[in-house]
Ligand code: SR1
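Here we start with a single chain on its own, the form predicted on its own, put down as structure tokens.
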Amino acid sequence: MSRVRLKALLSVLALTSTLAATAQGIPGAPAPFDKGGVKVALVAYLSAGDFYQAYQVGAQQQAKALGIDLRVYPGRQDAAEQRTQIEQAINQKVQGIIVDHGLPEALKDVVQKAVDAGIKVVAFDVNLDNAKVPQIEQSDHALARQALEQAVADNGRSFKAGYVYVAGFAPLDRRNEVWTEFKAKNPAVTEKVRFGVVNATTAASVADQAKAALRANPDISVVFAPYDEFARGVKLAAQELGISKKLRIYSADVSTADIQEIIEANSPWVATVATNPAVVGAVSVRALALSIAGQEVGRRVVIEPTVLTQKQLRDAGVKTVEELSTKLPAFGQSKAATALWIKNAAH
């Protein structure tokens, strides 16, 4: 386990141990938050990667600030297990459920069962096609668009590209829409190869695919890998093949581990576009809290991203997400899903 993941895990455990003591009412808050004791389940599909660890920590911190008893269910990249965990949350009569990623076809009916039971549900980066379930989104179109704009700024509008993509995941599908539009507007950009996998060892599996793809297509100079675990895998492959100096990788999402890999000497990972995963986790909890309180959330809750280039990170001396939040204040907060009675957690 990496130092970053261990730190995140310890933070989750520490926060969990204090939740019972802090589940008190909030003066002036609407019911049921005026009396406290609100029970919420966070049911995740992806539990691997630093982004998801940070997302969960942000959710825990915001839950603590609201006196929410937040129970985290790690889906472990298993659609059947995530589905079972939602059933468990329903049976435990929680007042709200956050669905964190997942495969829509495996979740729509069981989420509808939760809604029918009077449980409020919000979804992060999974399209459940349910008018009663607000969508919490990083602006995935903006993430992809800004990453590709940076690729053009660095490489011009003519280059051979590799593309990492797995269909069926809402954020990746939205980012793919932008890639498709980008290629149509830039016919001199050639997609030479497409590959990708999402599993319990995504980065390592993508690295194996990338080695084969880059060997077969030595003229590739740019790889668009719009998920940080994808980018980590491509970077590993480039280093093992000894081609780091001739390749540039553009991605989405960020963690402390990502920053370390971007700023290291001769890294081919030159830019990522991201929101703070802890902020996204906090916004997910706030949106659900508003819904539980009967207040308007809206169909979509969007968190805008920031471009983070290798040069910016190096020049600013940024080595961790915490430093990033300090040196780029907009990265560490969001006004999405707020109300006067909600105390926003610090990140």
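Numbering starts at 1 and runs along the sequence shown. Just so it is clear, the structure is predicted and the values come from calculations on it, not from any experiment.
There is also a form predicted together with the ligand; it is not shown, and the following applies to it.
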Taking a heavy atom within 4.5 Å as contact, would all three of F124, P171 and V198 count as contacting the ligand in the model of the complex?
yes
Exactly one listed stretch (104-112, 163-171, 178-186, 79-87) reaches within 4.5 angstroms of the ligand in the model of the complex by non-hydrogen atoms, and it is 163-171
Work out which of L46, A54, V321, A41 lies within 4.5 Å of the ligand in the model of the complex, going by heavy atoms.
L46
When the contact criterion is heavy atoms within 4.5 Å, does Y227 count as touching the ligand in the model of the complex?
yes
Considering non-hydrogen atoms and a 4.5 Å limit, does the ligand approach D253 in the model of the complex?
yes
So, Q138 and the ligand: in the model of the complex, are they within 4.5 Å at any heavy atom pair?
yes
Heavy atoms within 4.5 Å of the ligand in the model of the complex is the criterion; list the residues of 271-304 that meet it.
none
